[in-house]
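In the form predicted on its own, a lone chain appears below as structure tokens.
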């Protein structure tokens, strides 16, 4: 079953008209902002949202937000995981506000720093933790540390993975197997083939061949891919990654920024995995910019033995706002009072309901699509079977179709994760919220395949 492109264009134009009629105040904000903000937005990628102009937000609470036109939205984007705790969670708001009254940054630790370390070690199983401002910063730091302790130049990633704005990770596999810049990579500093090896997810032989070269300092992976659609690991794949890294002396880094949706300790804890390092970001501080990385005792010892205290402030890691008092207050409150282990049960239950609703529509209209769930997260893709690696997931992408579905959702007060067909649940997400999505999805798919 194929999409009628003329029909898709007609439906998209109709929804654009609905959007424009309902959002005059967002249009006014966009026109005013455009005087000094390119595209009328703080970051240009925000113009990729569907619609003739962006939705401007007035306030958010729990699983909802209100736009400046007074429209209530169910938020399944949740800041692309940054607001997985829900908008303005009371405990985090109180802790962050209280810290602001006493100062936000000192370049010195506060008493909450040890609390944060205790929570992270207990939750994720690694004993040593450091703080950054984002997962991107944490990934950059670990890449530098891995190079430092191994004396090797290259890192290894999965094709079509995403680990923030880290130069070395903007690499992909060409059809002939060559490592090339990722499509759209902006201003790459050096050819990525000099810094990076790339393999397909779930391809154990390719991973083994790459590591056998002895060039790889670190393997940086999401335990399940989430930035090109959800791609789950084959049984035994993550164990094979661990074993191969150990055999060939590469540092294994789990980027759990998104896969934290799998459970309180991410996939690492859920599956009993043993990486050398873990990266977390955005989710863990109630929306305040924060990232962290954890290290095993063995890796931490190697790092400390390889750096001189005299040079640590100018060696290429850290930053004056890293580990600031405000972000650490957010971490302690969010992990200690909001995203507690018990919060995952209702979050996963809502994701299961969401997945079932999507599947029921796919079945009803015999759409050649599939849906995958990862804990509190679900995503549908435009292919009949679940992808096994990033190239399969990327090949199923259909930007025009995605834009229509997201615009249709926006016009019915539903926000999806940008540039994916992904939904994330917060502790505040309700069955009624999920039902709204199922209703929209059935209407949109029915219009496509009528």
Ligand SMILES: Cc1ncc(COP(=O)(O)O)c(C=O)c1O
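Numbering follows the first chain given and starts at 1. Keep in mind that what you see is a predicted model, and the values were worked out from it rather than measured.
Not pictured, yet referred to below: the form predicted together with the named molecule.
Note on the partner interface in the predicted complex: the residue among 80, 353, 379, 159 having a heavy atom within 4.5 angstroms of the named molecule is 80. Just one of 261, 334, 327, 139 comes within 4.5 Å of the named molecule in the predicted complex, counting any heavy atom, and that one is 139. Under a 4.5 angstroms non-hydrogen atom cutoff, the named molecule in the predicted complex has residue 222 among its neighbouring residues. At a distance threshold of 4.5 angstroms between non-hydrogen atoms, residue 265 is out of contact with the named molecule in the predicted complex. Contact between residue 227 and the named molecule in the predicted complex is found at the 4.5 Å heavy atom cutoff. In the predicted complex, the named molecule stays beyond 4.5 Å of every heavy atom belonging to residue 296. Only one of 177-185, 210-218, 365-373, 161-169 places residue heavy atoms within 4.5 angstroms of the named molecule in the predicted complex, namely 161-169. Residues of 242-270 lying near the named molecule in the predicted complex, listed in sequence order, are 255, 257, 258, the criterion being any heavy atom within 4.5 Å.
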